[in-house]
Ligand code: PMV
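Presented below, as C-alpha cells, is a lone chain in the form predicted alone.
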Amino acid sequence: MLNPRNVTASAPGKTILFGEHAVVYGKPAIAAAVDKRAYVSIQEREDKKTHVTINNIGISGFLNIEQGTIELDNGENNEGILKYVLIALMKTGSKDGLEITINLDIPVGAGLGSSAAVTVATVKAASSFKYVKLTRDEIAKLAYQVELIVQGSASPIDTILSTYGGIVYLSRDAEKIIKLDIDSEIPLVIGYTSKRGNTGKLVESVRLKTESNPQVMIPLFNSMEALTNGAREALTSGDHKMIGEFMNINHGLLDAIGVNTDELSKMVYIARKKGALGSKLTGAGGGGSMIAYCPGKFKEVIESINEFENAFKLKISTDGVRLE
C-alpha cells in the first residue's frame, strides 16, 4: 500500500556547446539546459522497502538504502540510472520505504545529461519529501558528489545545468559559474544516434590516454580552452561565422582524443553539407548526440538527419530543477 502523499521534482537535461572532456581537466566549458526533463515522483510504502521504476527504459528494482545495494526486478545486471538514484537517496539521508517513479523526456545515453537530470531531480524530490529545504547550491553540490561516486570522475557542469537551467560558462577549475546573457533562441539542432555512449567508460578512457601521453593530450585540452573562450565572445557578440568555426574545430579535437564515432561523424558532416555553419559531437561521445549551429537552415538539417537517425530543434530551458 502507498501513502497518498506524492512529491514530484523535475530537472532539465543539457547539451555542451564547447569544452566537453577538457572540463574534467580544469578547462572552461559552455553548456545549455535543454527543454527535455527527468521527472522523479516519491511516495511512501508501508512495507519499508524502496522500489524504483523507470518507465521509459523498462528498468525497475528494489534499493536498499541502508546497505547500498540494488536488486533488479528482471534479474539482469544493468543497474544504470538506478545507481544514481540510490546514491542520491543515501546522500540526502533518506530512509527505506519509498516508491519512486521516474519518467524521462530525455533520450538515455544520448549525451544529453539524463543521469544528471535524474540525480538532481531525485535530490530535490527526496529532500522535499522529508520537508528539508535545500538551496540550489546545495542541490548542485550533492548531485555532483553523486556523479563522482558513480562515475569515478565527472565534471560539475551537467549537474549545474540541471540545477540552474539557462546557458552557463564554467570558468577554469570550475571556480565560477557565469550565466551568459545570450538569446535563448540559439539556432541549434540536436541529432542523436541509437548507439549509446557510456559516460563513465569514456571519461576513464580519456584519463588513461592523458596519463600515458600527457605531452600529446594536454595541448589538446589547452586548445579546447582557447576555443571555448573564443566561442564565449562569439556567442555574446552574435558572430555566426566564428561560432560555427569554433564548433568545427572543437569536433576535430574531440575526434583526436578518441571519443568520436562513425555515426556521430555522419550526422556532423551531413549537417554541414545541408547548411550548418558548424557542427560537433556533444557530451561524452562514443555514440549519443551531436549539435549543429544552423541559422536559417533548421528544416534542411533536421530533415536530412531524420532520414537515418533522430533530430530536433534545441530549445533552451531557462528553468532548472523545480517541484511539479
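Everything quoted here is computed from the prediction, not taken from an experiment. Rigid core here is just the name for the largest C-alpha set that superposes within 1.5 Å across the two forms. When you see a residue number, it is the position in the sequence shown, counting from 1.
We do not show the form predicted together with the named molecule, though everything after this point is about it.
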Residue-level contact is defined here as any heavy atom of the residue lying within 4.5 Å of the named molecule in the predicted complex; does Val168 satisfy this criterion? no
So, in the predicted complex, is Ala154 in contact with the named molecule at a 4.5 angstroms heavy atom limit? yes
How about Ala31: is it within 4.5 Å of the named molecule in the predicted complex, going by heavy atoms? no
Does at least one non-hydrogen atom of Thr199 fall within 4.5 angstroms of the named molecule in the predicted complex? yes
State the residue from Leu314, Ala9, Val23, Val301 whose non-hydrogen atoms include one within 4.5 Å of the named molecule in the predicted complex. Val23
Only one of these stretches, 282-290, 65-73, 44-52, 268-276, has heavy atoms within 4.5 Å of the named molecule in the predicted complex; which one is it? 282-290
Phe221 C-alpha relocation of at least 2 Å between the shown form and the other one, rigid core basis: yes
Ile59 C-alpha shift between the shown form and the other one of 2 Å or more, rigid core reference: no
Does the C-alpha of Arg196 move 2 Å or more between the shown form and the other one once the rigid core is lined up? yes
